Structures are given as structure tokens and as C-alpha cells.
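Taking the form predicted alone, here's one chain by itself in C-alpha cells.
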Amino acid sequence: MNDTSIDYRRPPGPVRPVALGVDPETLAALEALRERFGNIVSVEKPSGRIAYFVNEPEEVRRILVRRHGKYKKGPGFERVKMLLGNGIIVSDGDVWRRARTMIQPAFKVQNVHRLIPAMVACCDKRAAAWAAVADAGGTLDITAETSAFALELILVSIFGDDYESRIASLPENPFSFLASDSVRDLGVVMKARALRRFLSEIIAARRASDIDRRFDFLAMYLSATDRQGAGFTDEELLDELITLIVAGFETSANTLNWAWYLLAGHPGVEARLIEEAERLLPNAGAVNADSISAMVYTQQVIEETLRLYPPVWLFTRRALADDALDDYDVPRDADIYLSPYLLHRTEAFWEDPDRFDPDRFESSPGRSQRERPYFPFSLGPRRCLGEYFSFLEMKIHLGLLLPRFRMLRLDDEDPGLELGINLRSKRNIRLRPERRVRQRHARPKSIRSKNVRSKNVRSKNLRSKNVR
């Protein structure tokens, strides 16, 4: 508990206590606090604990990067820990440092590149299913489709050949509830615990096997050692695998869900993406590390999607010791609230912030990408290890599927926001697919438009800001 007897230099804030959690009411409260008091606000929670809402880019960077050692995970991670165990997303201190050191080599660029064929195969599987729906004049639940794609890919990437023999061959995929049950309640936690027993069997079989499977994530996790030469225990390995499965598919699934929705409403952006994809990925054989790296505009589109819809809309930290931000003191045990969603939509930092405009991320001389007010994957040592994997799969997904299918919105209804641990669409997004006639290497006319403006972009409600 904070010591309120000390005369700390506190930022401005309300007199009455403010309840903060991970819910729509918290977003509304933080937005109101920002509007009234500015970008650094002090509140007292009903428990008496002091909390700061920090929406100033330099101070966000100071907390997450330069002074990260003074902070640990904050409130709200209890529910995450119930689901994931003490994996790398939840753990702190020496446990986290050891796990990160052991896991990091698995995400080296060359290891991730070995998974490109699996990414292409998962895209081709979606394409076959979508073609059948398009030919029948049906609609797609794109939220469910992107979840199925991303979940299958992360499972193939983790288990390699074991995916087909131990998972795909079953009457029902034991992991499918992770994609279908969006609410992370106790029911999902209980299913996840049952899943640990299933994973234990796969781990035991792998440990007993002499087959060389060095290139899937499970093999690399099994061979990982710390500085003393010790590997993960079975319990530690279970925590890290559950973390990798859940985090590894949710970020990409949610981002692709929003990307398809945005592209269906912005034909100018869509046309530029198709031109780039047709030029760089004219066939499956052209999908390689170099061609994907050259997909600069696709990268911009994904980054802009992540700006508007960051996968984790709220980060929390707790001060381990007294600190200072700007002209204010941070008392030990104070809770810190950081919201990428609000920072990315603050007009002081982004021009017309609710407009979908991928050209914001166009590189230019003298423009520092590292210092921009943008942190969808967090910052500093706790920045997501799987960020490169996620961008690679999303670029391949859009690059291979967008030239094959046009997605049409069924109505103008905003899908809204589900503000849980992850930022999701409140309702599943349904789109109507149409096959395209692929025009390889043909550059569409009049495709460059920077004024891809949305209607009714300013909204005080808890919907998705009408970025249409």
C-alpha cells in the first residue's frame, strides 16, 4: 500500500476515488481523465492505492525501456496467470529473465524463416475454403476464419509433424476452444488445465524420442538451457507452451480480423496492397524472406491496423521503488496504467488519429521510427519476442489471399470493441467473399490516395471509433 503520509509531487487528478480494471468502464474513465487533466494523471483507487495514468510518450518509454527494472507486472495479470501459468508474459524478476534468455534463440530470424512453407500451406487451406464459399454466394465469419488460420499455424509451428499425427487426426481439435471462446473466464481456465494433461503426453513422448526435430518450437524449447546448463522442467515447459499457443495466435488473429474489416471499407488501400502482392508474390514459389521483406506497404497497413486496434489495449505496472516521471514523484507500490489504444488515438501525437491511413508509417529521412508514440507490442526488454513471426505470417496471409478474394461488408454497422485482456471486435465480423481475376504484374490505375478518410471519426462512446 502506498504511504500517503509522504508529501509526494503528484500529477493533477480527481478528488474522488476511481475504480480501474480491464473493462469498458476503465477505458471510459481513462479517456475522461485524459480529457480533463492531461496526459499524466493521478488517482486514488477505492482500495486507497495510488495509481497514475501515463499517456505521455516519453514517460511511457521511460517506464518500459529505460527504467523497466523499477517496475513489475501490475494489476490485472491475475486472470492471465490463471490461464497461462507463470510463463514469460506473466513472470517477473529472475524467473522471467531466465525464461527469456532460454526462449529468445528460438525466435531468431533464420528459425522463423523456416516456417514460411507452413505459413503458405495454411493460407492455401483458407483459400480453398473461401473459394467454395465465394462460389456458393455465401458469407464468411472473418473473425472465426482468422482465428482458425492463426491457431493452426502456431500449432504447426510448435509441434511440427506431431500436429498431423497427434492433433489434426483427432475427431475434434483440443485447442479449438481457445479460438471460439473469446471470454477468458473460469470455464476457459478449466479447459486450459485439461489441455495441460494433453500437452504433458506430447512432451513425454518427445523427451523419449530420438528423432531429430530441431526446427519446431517444441524441439527448440526442449533443447533450451540456462547459463547453468539446466533446461525447463516439465511444469515450466507447460507454462511456456500454453503462453506461446495463446499469445502466438491471438495477436495475429485479432489484427487480421481488423485488417480485413478495414480493407473492405478502403478500396484505395486495398488496391495498393494488391499491386504490391501481385508484383512481389506472383506465385507460391516467390514467397521467401526477401520478397516478404520487400512488402513495405503491406507492413505499413499492418502497423496502421495495430495503431488503431493494438492487441493489448491496456498495460499495467507496479513501482518496485520510488521513481519520478516528468515533474512528479512515483511512490513505491503505485500502480501505473498505460494504454496503447488511447495513446495511438491522441490528437496531440497523431494527426486526425481516428483515420485509417497507412502512409503514416512511410519511412522518410530523419524520421525516427523508434521514438514514435507507438507500442502495440510493448517496448523495451518485455517487448513481444514473437513480433517478427507475427508480422511475417500476417504479410504472407494478406499477400496471398487478398489478390484472390475481394471482401465486401454486409452492412455499415460498427463491430464495436470487446475490452477484455485482449482487444477484440465486440461482434464477429461477417464479410462476403468474391473471387478476383488475378492480374499479375498489372498496376491498377489511380490507386494512390492519402485521403482514405473515415466517416464520423470522433466518437465518445466505446465503439471502435468508426474507422470505416
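Residues carry their position along the shown sequence, with the first being 1. As the structure is a computational prediction, the values presented were derived from the model and not from experiment.
Quick note: we don't show the form predicted in complex with a small molecule, though the next part is all about it.
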property	result
Stretch in contact in the predicted complex with the small molecule, which is absent here, among 225-233, 194-202, 96-104, 290-298 (heavy atoms within 4.5 Å)	96-104
Output flag, Phe149, Arg404 and Leu431 jointly within 4.5 Å of the small molecule in the predicted complex, heavy atom basis	no
Close approach of Tyr163 to the small molecule in the predicted complex, 4.5 Å, heavy atom	no
Interface membership of Phe389, the small molecule in the predicted complex, 4.5 Å heavy atom rule	yes
is_contact(Ser339, the small molecule) in the predicted complex, heavy atom dist at most 4.5 Å	no
Partner contact for Pro311 in the predicted complex: the small molecule, 4.5 angstroms, heavy atom	yes
Selected contact from Cys384, Ile167, Leu238, Cys123, since only one has a non-hydrogen atom within 4.5 angstroms of the small molecule in the predicted complex	Cys384
The unique member of Ile88, Ala334, Ala219, Leu280 whose heavy atoms fall within 4.5 Å of the small molecule in the predicted complex	Ile88
